[in-house]
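Next up: just one chain, as structure tokens, the form predicted alone.
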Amino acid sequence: MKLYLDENKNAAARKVVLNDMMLTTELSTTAGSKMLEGYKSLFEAEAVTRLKAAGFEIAGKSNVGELSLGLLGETSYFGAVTDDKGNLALAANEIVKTTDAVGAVGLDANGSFLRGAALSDQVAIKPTYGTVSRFGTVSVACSGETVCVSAKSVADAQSLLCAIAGHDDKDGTSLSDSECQRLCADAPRESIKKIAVAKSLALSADEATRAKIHAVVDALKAKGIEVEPIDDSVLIAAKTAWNALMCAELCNNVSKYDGVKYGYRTKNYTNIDELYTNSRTEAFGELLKTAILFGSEALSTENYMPVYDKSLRVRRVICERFAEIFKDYGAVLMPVCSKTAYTEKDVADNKYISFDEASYIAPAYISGLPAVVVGGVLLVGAAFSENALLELAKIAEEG
């Protein structure tokens, strides 16, 4: 079991863990894949530069599922990580839990970062899309992937977010400084007085997860915040659409890993076609190959309109539904995942469990909206509402 894939043993105070999707010049970046084993970048991620400028030191690169796919990092070429109870855990959260690291920062596209925080009783923030630069990350699904932060407390998570948020000319999707500054801790905010609970998503989770939802709801109600269940039938459609979009974008983003310029190269080839095919066949894991095939199929001439284009239309409908909800509510509360613990057997029994579990995180990723994990549940808010969500998180943390 490898927690760190590369470690900076000279790091001192205010240490931060990076998941292995973030490029660094001193440490290797593998993205949990045999394809990039031992790879070192010539430049570092913008978020890493900002962390250093804010006085944080990089403790190391944590193990991550291959290209951030999988449930909790179990698809990593370097093996799964388990906690002291034998349950699957995300390496970054285990490091934060067992060391003096302030928190973790990492790119995520399928919810494993948020899921890991929820299952380890930590706080995580997925910021509004475009407020944190994705420059210098191993790209998976450009239209929804986000650099997220996690920590043991709301205060630590907020300090990490403030350090990395801001406009970056190197990222074409980066928002303006005036918009990014709305995430700063001292920025003006409106308190949330009323939240909605995604009814069917909450009911689909197990009893232990529902108990966590009830605990957070009770804490919020005790502070005078109204909580009401809502119809989430539209939001449920986000899972299928995001899985299609993520895989379609993924298959394009990994096309550069062909064994020619860098990365793993097969020894078994006699021509360029065999070099491409055998390098990718030998270096990529099963789930990643499945996602590539699914994405390629979604982008095919036959399926482009009924699958890919329709998924884009569903994205618009999801965004419109959220806008409608936020006219009456300040946030939507839902589970992060269906259970409070997963084992390697769960994954063995269902190889595509991470795609099924996307039901809970897909609404936030497909819409680009901010989300906060606290008390094992997820709070999704309107764009730039991170500080308001964190105020709710503080109530749940204390309650």
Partner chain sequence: MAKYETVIGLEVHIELATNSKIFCSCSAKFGGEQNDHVCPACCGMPGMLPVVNKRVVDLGMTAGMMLNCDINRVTTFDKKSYYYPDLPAAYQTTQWFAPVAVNGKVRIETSKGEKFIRIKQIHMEEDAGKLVHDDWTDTTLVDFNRTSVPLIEIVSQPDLNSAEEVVAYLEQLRSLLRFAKVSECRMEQGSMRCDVNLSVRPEGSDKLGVRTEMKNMNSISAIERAIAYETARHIDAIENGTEELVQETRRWDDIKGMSFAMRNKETAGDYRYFPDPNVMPVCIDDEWFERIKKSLPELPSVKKDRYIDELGLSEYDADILTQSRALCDCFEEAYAVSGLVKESANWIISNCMNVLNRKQLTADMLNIDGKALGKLILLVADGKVGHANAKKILEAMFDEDIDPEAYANENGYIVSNDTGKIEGVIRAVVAADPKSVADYKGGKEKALMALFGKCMKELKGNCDPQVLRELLIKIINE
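Residue numbers count along the first chain shown, from 1. Since this is a predicted model, take the numbers as computed values, not measurements.
The form predicted together with the partner chain is left out here; the points below concern that form.
Residues of just one listed stretch (141-149, 97-105, 113-121, 209-217) have heavy atoms within 4.5 Å of the partner chain in the model of the complex: 141-149. Though the partner is left out of this view, residue 173 does reach within 4.5 Å of the partner chain in the model of the complex, counting heavy atoms only. Mapping the unseen interface onto this chain, residue 136 counts among the residues with a heavy atom inside 4.5 Å of the partner chain in the model of the complex. With a 4.5 Å cutoff on heavy atoms, residue 352 does not count as touching the partner chain in the model of the complex; it lies far away. In the model of the complex, the partner chain sits within 4.5 Å of a heavy atom of residue 257. Shown without its partner, this chain lists 326, 262, 269, 78 as candidates; in the model of the complex, only 262 has a non-hydrogen atom within 4.5 angstroms of the partner chain. Checked against the partner chain in the model of the complex, the residues 87, 153, 253, 159 give one hit for a heavy atom within 4.5 Å, which is 253.
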